[in-house]
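Form predicted on its own, single chain, as structure tokens, below.
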């Protein structure tokens, strides 16, 4: 029978993981300590055990490291929304860059140029989040999960969310407390565009007529669109009059573009960084006017339309049919439908190995990476240049090794700090064929 971990331990932090969590050893057991830095001696509360490791958080630091800073948020570190507010920002960036380079080195890929990290707003940047909801001693909590726990943080605001959404947290708690089934609402998703916001209430019981009225009043008072979700994403439906015109929007003035999206659509959560990322991706192509570019995992057309506005002929492919519908609508709205074509394709399906001749490819795949067809895409398409946007250094490195084996070199790679104070690493890699 396994013994329970102690509640409190004193440890010396030996290193910091790529996730921003401190690492220590106690009797040959790994202890991971949030809010702790290498060289520090800390008193830590053990929260749980997982795969033989003790997961904990620092309560007291007797010897603060030189790189320690005061976190800007009063809910840190208990709130699990951020992992590195205690670490100087320059050191956060160094840690992320090192993780990216270590992943590439592990598969034998050496970039010719490592660009300086591209930085943007450090606070009030986040336009999307999923909050847990919990009824505790008669009080409704709405917030991110606590570190190493399923418990919901006690928080009335958030410094990472864009201000219009952050201001909704306290009134949202009061709204849910007033509903007939506060204990049957496990989560609320938030999404924001340039000028409007939306809430999606996941609910396990149907809302009553009085509930509907309270939600409508909340939506009107706070100028937010409210939706309900009783099951899968397909069950999302309007709960307020404003939600019957369901789209949110964001602009990319660098290309004179405006996008509409449904709150459940995938969009980059940091709009300022998204503009910089799109600019860098478009500028990485050395293609002449009218040349064909494949935009794989194209979503709602975030990159496609910028490429088209630059004079390139774009074909966007994506497995999510609703995203393709939105991409077509956005192309038409921006008068670029003559420069863009969009189609639903499962790019992981072996049937999608041959996408036709594609000298230029842009891809922004999910965390799992480009998938098993990458090698055939560049072979059959006689591809000369690949611009790869990634949210996972591990899958990016694995795909980079495939491209190198197929005769490409990693011409340049750079980090875009899409999620400051977290361990998330957003990468742009540019691959050019060398033979």
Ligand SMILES: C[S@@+](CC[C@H](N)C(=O)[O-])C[C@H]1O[C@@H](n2cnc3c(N)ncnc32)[C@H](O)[C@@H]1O
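Positions refer to the first chain, counted from 1. Note that the coordinates shown come from a computational prediction; the quantities given were computed from them, not determined experimentally.
As for the form predicted together with the ligand, it is not shown, yet the points below apply to it.
Participant: Just one of 147, 268, 334, 173 has a heavy atom within 4.5 angstroms of the ligand in the model of the complex, so which one?
Facilitator: It is 268 that has a heavy atom within 4.5 Å of the partner.
Participant: Would you mind picking the one in 355, 169, 320, 141 that has a heavy atom within 4.5 Å of the ligand in the model of the complex?
Facilitator: Of the listed residues, the single hit is 320.
Participant: Choose from 196-204, 74-82, 300-308, 148-156 the stretch whose residues reach within 4.5 Å of the ligand in the model of the complex, heavy atoms counted.
Facilitator: Correct option: 300-308.
Participant: Contact between residue 315 and the ligand in the model of the complex at 4.5 Å, heavy atoms?
Facilitator: Close contact is absent here: in the model of the complex, residue 315 is far from the ligand, nothing within 4.5 Å, heavy atoms only.
Participant: Do residue 347 and the ligand share at least one heavy atom pair within 4.5 Å in the model of the complex?
Facilitator: Yes - in the model of the complex, heavy atoms of residue 347 and the ligand come within 4.5 Å of each other.
Participant: Determine whether any heavy atom of residue 366 comes within 4.5 Å of a heavy atom of the ligand in the model of the complex, and answer yes or no.
Facilitator: Yes - in the model of the complex, heavy atoms of residue 366 and the ligand come within 4.5 Å of each other.
Participant: Using the arrangement in the model of the complex, list in sequence order the residues of 159-178 with any heavy atom within 4.5 angstroms of the ligand.
Facilitator: Stretch hits: zero.
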